Each structure stands twice: as structure tokens, then as C-alpha cells.
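Here's a solo chain for you in C-alpha cells, the form predicted alone.
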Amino acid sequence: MLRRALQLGLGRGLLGRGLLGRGLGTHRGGSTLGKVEGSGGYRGSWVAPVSSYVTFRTRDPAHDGKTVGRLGEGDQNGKVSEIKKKIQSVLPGGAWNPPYDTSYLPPEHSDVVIVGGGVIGLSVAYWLKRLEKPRGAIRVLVVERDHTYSQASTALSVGGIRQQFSVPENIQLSLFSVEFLRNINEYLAVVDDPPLDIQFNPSGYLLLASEKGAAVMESNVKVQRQEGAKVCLMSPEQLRNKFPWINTEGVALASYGMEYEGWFDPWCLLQGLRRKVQSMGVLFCHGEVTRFVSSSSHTETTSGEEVTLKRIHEVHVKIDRSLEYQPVECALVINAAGAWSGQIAELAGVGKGPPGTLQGTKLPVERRKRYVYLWHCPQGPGLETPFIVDASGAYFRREGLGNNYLGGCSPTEEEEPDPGNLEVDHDFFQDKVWPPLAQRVPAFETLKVRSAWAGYYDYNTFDQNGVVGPHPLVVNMYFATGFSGHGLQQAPAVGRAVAEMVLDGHFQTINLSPFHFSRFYLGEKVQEHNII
């Protein structure tokens, strides 16, 4: 019966999920005041300290015999003034000045805690605040452990956006997001701050298929057109006419995005979202979530199957570069931790149950390392170059105006590198990336690699698609993760979808029900064929 309920989408009602559980508008608790100590030794009531003044006189004829100062007077007056200020802060109506700085700590209470301050987490925060009614109704906290974003998937991305997917929901997500990006200052403008320049380059995506993949490409393009994407199919001859620098050997068919595809500046989007949500009142904390405090209850389905429901009440945040941690009471948690979201799910008890049960079903998202190489080629393709994805899996795009190019290739399962570090394997370029690119673009025979870096995919090992929406048993944990390389380009739409689910209890703009967590238990893959 549980399986049947999940298939019918009745899991939320069956398991008795509340919208925000403990309700919105939680308030901050009071603070404990410490003792006020003065130079006279404060013991509960203030007594003026004994004077230690020493009178001195001057021999100046103009002031002969007159007292002009007392040694220690200025210092003593300063101490008395400080004591008075401390006492005044304790008296009713006085301003409270804490004895030490606590601004780096997260708040003690937040309605929503978002774990992960990358572009997905920030987008969720943005849409929660934009769609909240009334304004200021929801307190949102974003926890990010890498405040420099040095390992963030967003900052290390090549910044592509396309509609050439095989799953309708992915196409819809990208169509929504490209509209957001093209009108970014209508969404993310901040008063008195300069407008954002996302540097959107609408040069399109060009996907190449061999004879073996031509039929799948035709099928995919049919779906893309049905969803409103403007994509055309090109024969090898048409390909040569439009892009004469391409060697079409081995190419049976190509698909070309004629509108709303290309690439943009990921860092600009990240900083723009961060700036905007701060102006909307979203709180930030540099720290790491190390524990969830939750309560459990047991219930049975109509078939007699027992399930355990959990509700998170408190998030423990370990402060960056410190042994301190701060408990944050909350009503709801958003897991937007990207490549680390599987670990966050485990902290909440996700997957800790008998194998083959819903309770024992893990979040199948793990870190996968991907390399990006930057090279220079004086005779390389010009300004009309699209984002090209070869049938071999190798890809590249232009970077700026100086005949520089970015590219790479996803490894096979057997070639997956160790994700424990972000070191670059330069042999991978020599062996796996350069040969197919030089074969496809002969000018690349003379390229010179200038730099390289590595980043992480939040890789969904089940079907390479996102996980969006609530967990069926941890009733106030929601997911926005597992996009396997296309999270950046879909972030604006995913953020809105999660906010709609939190605020309204269901998706409105785009129905992302196929991306619910329960599909892992049911074994229902939403297989995306166009993963780059």
C-alpha cells in the first residue's frame, strides 16, 4: 500500500505532512546578561570607587597657586563612564550591548534553514522571500561552509545553458531559467547598486551525433520542439556550409539551438543572487551543518507496514575555523548542499533503515570530479562558434575574444577520478579530450593549454536528474540537488519550484513531481540522455 500511495502521489497526505510543521514567525529567545564589573569591584550594587586623585600645581605665573589638574582624572573618568554605560544597558529601556561580538553566529531561530549557499540554495532563498505573503513573514537562514566558494560547483562551471535535453521537465526548467537570465535586472536589481551584466552569449549549442545516435537525437529534438524550444536538425552538408571549420567525418546528424542557448558568467549570477537575497533580509552563516535534532513517531499503512516519521527541530551549525557550534531551531530544512547533499541527508537519518524499504533508501547523490581546460589557438574558430558537444562526449566553447577556448569531457565509469581532491590530471586532456577535438576541428592540432581546474558535479547515480521536493519520511526536509552538471542553468526555475512546494504544498509553475525522492524507492527512473 505504501508503494501504491507513493505512485499515486498520496505520500504527503498518507504520512500526515504539515506545511511548515511548527509554523512561521518563530521568534528569537532572550539573552542572558553577564555581571558588570567596575574598578571598584561590582558585587550587585554600584558604589563609587575610592578616589585616587593626586592634586598638582603649576609654577606658571599666570596660574600661580591654582589647581590645573589631577593625575589620573581623565583615566578615572573614562572608567566611571564605561561602568555607567554598562549599568545603563541593564536598566529598563536601556540599549543592550553584548559583552562580546556574536555577529558571526547564526540566529537561534529560523523558519527555514537552507544548507548550501551556492546558486541553487540562493535561488530557493530568493523565491521564498519573493513569494512570501506578507512580506517579512519567513525568516530564512543560508548556511555555507565554503565562504570563498573555492570548491563550489557554481564558480567552477563553464556556464552553459541549453534546452537540448531529452526529458520534458528539464527543457521547461531551462526555458524558464533563460528568461530569468535575459531579464536578470528585473529580478535581482538592488536599489543604488550597479546593474548586473550576466554576459549572456546566445551563440547556441551544437550537438553532433554519429550514425548510432542519430535516431535518439531526432527523438529528442521532437520533444524539445513540443516544449517550445527552437532547435533545428542539420545534415553533414548543412553543417559544413554553416561552420566550414568543422570536419564532419563520422557525423550523421547535428542539432542546433537557434535561440536562448549559449553561456553566461556563473560568478555574476551567484553574486547577484547573494546581493539580492541579503537586501531581502535573508541571513547568512559561514559554517558547517554537523547534526540534526529530530523527533520520531511511528505509524502504520493500511496494509500493516510500519513506517517511522521524523521531524527536524534543530540544526547544529559548527562555526567556521572554530570549535563552537550554534543550535538553530527551525521549522523546515532545504538540502541544497550539492555534491555534499548525500552526507547531509545521512545526518537526517535518510537511508538508515532495512535495505529495500523506503526508510532504507539513500539519496543517491555523490561527488564526481570533472576537469575544465583553457587553451589558446590562434587559428581556431571565430566569434560565431557555438557551444559544441561532439559525439565522443568532448565539448568546447569560446572564452572571450582572444581565440581562447574552454572544454573538457566526462570520463567513463571506469575512468572516474578520485573526488577526494581537486587536482587536475593533465594526461586526461592529452589522451581523452584533445584527440577527438583535433579530429573534429583540425585547427586545434596546434592548440596550447594555458590553464586548467577541476570542479564537482552533484552526480545522481540513479538517473542523472535532479531531486526536488520533500522527503516522504523526514517530513520537513526538502531537496534541491542531484542535477549532475545542469544545476547552474536550471537554478532559477528549481528555486521557484521548491519555494512553491514549501509555501503552497504543490508545484505551480512547472510540475516536477517526476523528480520526487520516492522514485528511488519505486525504481522509476527519469532517464536523461543528454548529460554532458
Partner chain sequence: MAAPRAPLHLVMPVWNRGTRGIRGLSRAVALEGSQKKGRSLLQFLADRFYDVQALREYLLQKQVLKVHQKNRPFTYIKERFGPHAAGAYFILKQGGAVKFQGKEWIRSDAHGHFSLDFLKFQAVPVEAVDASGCAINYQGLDSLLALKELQSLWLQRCPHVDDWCLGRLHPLANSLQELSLAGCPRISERGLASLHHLRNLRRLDISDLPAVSNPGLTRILVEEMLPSCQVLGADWAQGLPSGPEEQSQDRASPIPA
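Values in this document were obtained by computation on a predicted structure and should not be read as measured data. Residue numbers count along the first chain shown, from 1.
Below: the form predicted in complex with the partner chain, not depicted.
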| query | finding |
| --- | --- |
| Full three-residue contact with the partner chain in the predicted bound form, heavy atom 4.5 Å, for 260, 398 and 404 | yes |
| Stretch in contact in the predicted bound form with the partner chain, which is absent here, among 341 to 349, 193 to 201, 296 to 304, 316 to 324 (heavy atoms within 4.5 Å) | 193 to 201 |
| Distance check, residue 453 to the partner chain in the predicted bound form, heavy atom within 4.5 Å | yes |
| The partner chain contact in the predicted bound form: residue 186, any heavy atom under 4.5 Å | yes |
| Partner contact for residue 290 in the predicted bound form: the partner chain, 4.5 angstroms, heavy atom | no |
| Contact label in the predicted bound form: residue 135 to the partner chain, heavy atom within 4.5 Å | yes |
| Position in contact with the partner chain when the complex is considered in the predicted bound form, options 240, 182, 426, 147, heavy atoms within 4.5 Å | 182 |
| Contact assignment for the partner chain in the predicted bound form, among 256, 284, 434, 462, heavy atom within 4.5 Å | 256 |
| Stretch 113 to 134: residues contacting the partner chain in the predicted bound form, 4.5 Å heavy atom cut-off | none |
